[in-house]
Each structure stands twice: as structure tokens, then as C-alpha cells.
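Next up is one chain by itself, shown in C-alpha cells, the form predicted alone.
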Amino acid sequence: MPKLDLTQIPWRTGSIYPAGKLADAVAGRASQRLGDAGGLTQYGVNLVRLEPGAQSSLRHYHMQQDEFAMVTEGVLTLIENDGETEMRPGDCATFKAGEANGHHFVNRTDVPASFLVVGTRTETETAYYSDIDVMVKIGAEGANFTRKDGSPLTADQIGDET
């Protein structure tokens, strides 16, 4: 079993969200793709770091992919349909595919915090964003963001001023 050298795995910032207010929502988030670095293909493993005030994603849920998350450093607030839960190192959460329980993590502290997330990899995926009229379909051609009914996003939804 090869040991990963975390100092050699780059931190990635940004997201797959369209540029504008959707992408801006995750400013202060960075991740290391540990599973990719180890050559894993059946599931993804990422270490996600949130700066103070940052959030992991827009609140969402997946139709085909399970997710498992464990806080590794600091204190994060898990926000889901049923409310908020403070999570500390060692605390875990699971999100079953197809359950409409929108979730994300927010760092409400004044120090960085991290969590490990493990998720199923599927050829296609559909995810819905609980607090906004947005869905994403992911396939071989990449991510396609639309309104939940499949119609195009409007400039005000994206926040694109151009």
C-alpha cells in the first residue's frame, strides 16, 4: 500500500460552478484530491480545507452518489435540511444517494478547518441545490448547470455581470 506524500499533492482552489456568484460562494475553499493521487477510480477521496467564513459548496444533494465526511481539523458547522450541527475532529456524517437532504459545511470560526470527504464515482450524476433553482448534470462532456426544470440559468442566477 503506497503512502501518499501530502506535500506533493497540490491544493486546488475554485470549483466547477459557473463563474460569478455561484463560484464566489466557495471562496476560501481548497482541496487535495487524495484518491486521484493514489490512482483510485471507484470512489473519490478529497481533503477539503475551509478558511474562516468559507463554505464547502452550495447546499446540495446527489442522486447517484453516496458521500461520507469526517472533520479532521478545527470546528465546522454542518447545515442540512433538519438544521445545523457543530462538528469537531472525528465527527462523521453520511449522505445517501437520492435522499433530498441538502447539505454543506461552513467554517464559522476564526481559524482554518478541514474535513475528509469520500464519495462514489459514477459515469453520470445529477445534483440539486436546495436553496436556489439550480441543478447540475455531470457526464463525459463535463458539468452542465441549469435551472431545476432544465432551462438555462439566467445572468442574475449566475451573477455574471458581462
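The first residue of the sequence shown is number 1, and the count goes up from there. Since this is a predicted model, take the numbers as computed values, not measurements.
Same protein, other form: the form predicted together with a further copy of the same chain, not shown, and the subject of what follows.
By the criterion of a heavy atom within 4.5 Å, Phe95 is counted among the residues contacting a further copy of the same chain in the predicted bound form.
Contact between Glu73 and a further copy of the same chain in the predicted bound form is not found at the 4.5 Å heavy atom cutoff. a further copy of the same chain is not drawn, but in the predicted bound form it has a heavy atom within 4.5 Å of Gly38. Of the heavy atoms in Asp133, none are within 4.5 Å of a further copy of the same chain in the predicted bound form. Site annotation in the predicted bound form: the residue of Leu58, Val106, Ala30, Val118 reaching within 4.5 Å of a further copy of the same chain with a heavy atom is Val118. Here the chain stands alone, but in the predicted bound form its contact with a further copy of the same chain, taken as any heavy atom within 4.5 Å, falls in 41-49 among 133-141, 106-114, 41-49, 22-30. Taking a 4.5 Å heavy atom cutoff to a further copy of the same chain in the predicted bound form, the contacting residues in 80-96 are Glu80, Asp82, Thr85, Glu86, Met87, Gly90, Asp91, Cys92, Ala93, Thr94, Phe95, Lys96.
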